[in-house]
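This document starts with one chain, in the form predicted on its own, laid out as structure tokens.
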Amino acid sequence: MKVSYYPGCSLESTGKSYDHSTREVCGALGVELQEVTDWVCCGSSAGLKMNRFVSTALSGVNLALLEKEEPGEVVAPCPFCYRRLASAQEEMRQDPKLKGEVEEVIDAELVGSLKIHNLVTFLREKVGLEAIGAKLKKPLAGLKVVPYYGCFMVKPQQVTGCGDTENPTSMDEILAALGAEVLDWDFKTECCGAGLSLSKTDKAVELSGRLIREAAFRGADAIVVACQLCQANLDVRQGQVGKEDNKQYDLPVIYFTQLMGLAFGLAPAALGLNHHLVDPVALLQKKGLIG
């Protein structure tokens, strides 16, 4: 299977562990990731807030490049990139005038029929649990996890196509297929406050604190994520939240692709497990998942 791959800016910098583990896992599953040639920033984050047209045009550049690729579909692991590409395509589909203006600026025509996947859904639906289970070498037995989707990957429904935006299950099913104990909780798609980290740090601590406290209350060994911004935010906030509660939180925040890689028998170093603030290695050694 071959699919276009849009890593986005974060996965080439602070989210390298996500990028590396994604490539390793897809390689193990026989999925060829064809990175888009000459891709540019998707226009998410600050660009979207400052000038929506420029943001849409930036996504338009990437969409035009992707439409020339043979697979005709793309995987974007970063939820922000995924949402921006999908939203820009939908906005231009609904607004022909906007589409024409973007095409003029980027000097390219857009068809608007590209299939855009987030990584979780792509692995669950396109690759499938059977293929994932066939690669299982080291089951995640005894590891209790809470899957955290974040607020960007599944909402809004009209853009993402997610069947249940409050209780998605695709990541749960992947983790369960790997042998992990998936715990039920009510914060799967609640905002962690990552977007407010610089502008409203107190609010970011408050929002992430709710998630960290609930995960600890549920008895989770780790929080499993599919977003590099959620990972960084929940990873870095545990000291601040612990200071407020007068206790220590040591909940590793692990990418679901890293756990997939471990379950497939891939080397921990290749999955970037040494790049976390709350070190997951001791936990994984205790569970017998790392030698």
Partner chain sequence: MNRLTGAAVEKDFLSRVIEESGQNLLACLQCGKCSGGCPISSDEVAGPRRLIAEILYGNKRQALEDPTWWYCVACGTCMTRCPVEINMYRVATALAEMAEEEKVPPSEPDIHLFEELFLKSVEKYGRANELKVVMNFNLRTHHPFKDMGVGMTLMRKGAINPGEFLKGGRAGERVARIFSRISSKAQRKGTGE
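Please read these numbers as outputs of a predicted model, since none were measured by experiment. Numbering follows the first chain given and starts at 1.
Another form exists, predicted together with the partner chain; not displayed. Remarks below refer to it.
J.: Which residue, Ala134, Ala141, Val111, Leu198, is the contact with the partner chain in the model of the complex, using a 4.5 Å heavy atom cutoff?
T.: Looking at Ala134, Ala141, Val111, Leu198 one by one, just Leu198 meets the 4.5 Å heavy-atom criterion.
J.: Just to confirm, with a 4.5 Å cut-off on non-hydrogen atoms, which of Leu129, Ala216, Val105, Leu183 contacts the partner chain in the model of the complex?
T.: Exactly one residue meets the criterion: Val105.
J.: Gly27 near the partner chain in the model of the complex, any heavy atom under 4.5 Å?
T.: It does not: once the partner chain is placed as it appears in the model of the complex, Gly27 has no heavy atom within 4.5 Å of it.
J.: So in the model of the complex, does any heavy atom of His117 sit within 4.5 Å of the partner chain?
T.: Flag for His117 set to no.
J.: Is Glu125 near the partner chain? Define near as a heavy atom within 4.5 Å, in the model of the complex.
T.: No, Glu125 is distant from the partner.
J.: Taking any heavy atom pair closer than or equal to 4.5 Å as contact, tell me whether Cys41 reaches the partner chain in the model of the complex.
T.: Yes - in the model of the complex, heavy atoms of Cys41 and the partner chain come within 4.5 Å of each other.
J.: So if I measure heavy atom distances to the partner chain in the model of the complex, which of the stretches 217-225, 169-177, 83-91, 117-125 falls within 4.5 Å?
T.: Checking each option against the 4.5 Å cut-off leaves 83-91.
J.: Using a 4.5 Å cut-off on any heavy atom, which residues of 60-83 would contact the partner chain in the model of the complex?
T.: Sequence-ordered list: Val61, Leu65, Arg83.
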